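Take a look at this single chain, the form predicted on its own, given in structure tokens.
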Amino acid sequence: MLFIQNLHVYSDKKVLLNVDQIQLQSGDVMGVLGPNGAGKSTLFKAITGDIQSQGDVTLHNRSRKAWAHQALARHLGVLAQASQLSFPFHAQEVVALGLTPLSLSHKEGWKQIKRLMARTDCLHLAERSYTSLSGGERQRVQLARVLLQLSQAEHAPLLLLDEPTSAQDLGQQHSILDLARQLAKEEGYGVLVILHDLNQALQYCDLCILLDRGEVALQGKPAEILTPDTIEHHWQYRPEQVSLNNGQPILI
């Protein structure tokens, strides 16, 4: 579904990103890991075209640049770390912004808004002013908006999640990542998710890429990448690794 090759981002002749190849299949959740400043958010901006880059970003065998704007909006959605929206909209009106690329009747549109707000645990906030919400509540409202935007994709959509758990409490963190896995496994989404919690990557991701200094240092299955030696090398901290009864490794 997503194929990236020879992707480069420069700023004042400095290389911010230098990626040889990344491939994501429909149905997979791929974690994007790395220390601060490794290039994780830069990678997302290069994929979406929010910053100038060189190289190939292909979605469903078609260059991102060749997609019509409306069609791309139905197939590529991004949940940013935070929203700058300051208008006094109700939460449900913010979610309704995701209707823009869709062809839905007014009745069907509001039906989908309620469905997705329920799925992201923010339906009870529907008539609250968006600016009055906590950071975590805003994050879930924005997630509902993005999922609405992708709800009429003709092909499996690509969902980019930039630190989706950063403002959430413990239970909501796991709910959001579990939802991401459901979207991948049950609806064929491809999911790229930036995470800082390595245990969450071990639990929820099928694959991971480890970025450092703008380059892909490692990519593969989380348990193969996230070893104490690798973590010590890239994060300057050596964890202890233990295993749960089901064999899943845990880092402490």
Partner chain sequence: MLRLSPLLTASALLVLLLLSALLSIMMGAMPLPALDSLLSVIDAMAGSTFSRLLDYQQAVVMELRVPRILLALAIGAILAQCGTVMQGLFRNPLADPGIIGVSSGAAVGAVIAIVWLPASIASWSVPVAAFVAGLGATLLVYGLSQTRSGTSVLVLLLAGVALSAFAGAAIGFVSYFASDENLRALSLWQMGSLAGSNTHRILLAVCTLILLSIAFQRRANALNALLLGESDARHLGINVERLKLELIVLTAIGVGVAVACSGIIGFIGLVVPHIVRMATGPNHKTLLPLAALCGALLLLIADLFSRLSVQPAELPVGLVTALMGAPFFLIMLIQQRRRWDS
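Given the structure is predicted, the values throughout are model-derived calculations rather than measurements. Positions refer to the first chain, counted from 1.
This next part talks about the form predicted in complex with the partner chain, which is not shown.
Of the candidates Ala156, Leu179, Ala73, Leu123, Ala73 is the one whose heavy atoms come within 4.5 Å of the partner chain in the predicted bound form; the others do not. Of the residues given (Ser26, Thr58, Asn199, Thr48), Thr48 alone sits with a heavy atom within 4.5 Å of the partner chain in the predicted bound form. From the list 223-231, 207-215, 64-72, 186-194, the contact stretch for the partner chain in the predicted bound form under a 4.5 Å heavy atom rule is 64-72. With a 4.5 Å cutoff on heavy atoms, Pro101 counts as touching the partner chain in the predicted bound form.
By the criterion of a heavy atom within 4.5 Å, His90 is counted among the residues contacting the partner chain in the predicted bound form. Contact check for Gln52: a heavy atom falls within 4.5 Å of the partner chain in the predicted bound form. At a distance threshold of 4.5 angstroms between non-hydrogen atoms, Ser86 is in contact with the partner chain in the predicted bound form. Candidate site formed by Arg140, Thr165 and Ala167: none of these residues places a non-hydrogen atom within 4.5 angstroms of the partner chain in the predicted bound form. Applying a 4.5 Å heavy atom cutoff to the partner chain in the predicted bound form picks out Gln149 as the lone residue from 148-175.
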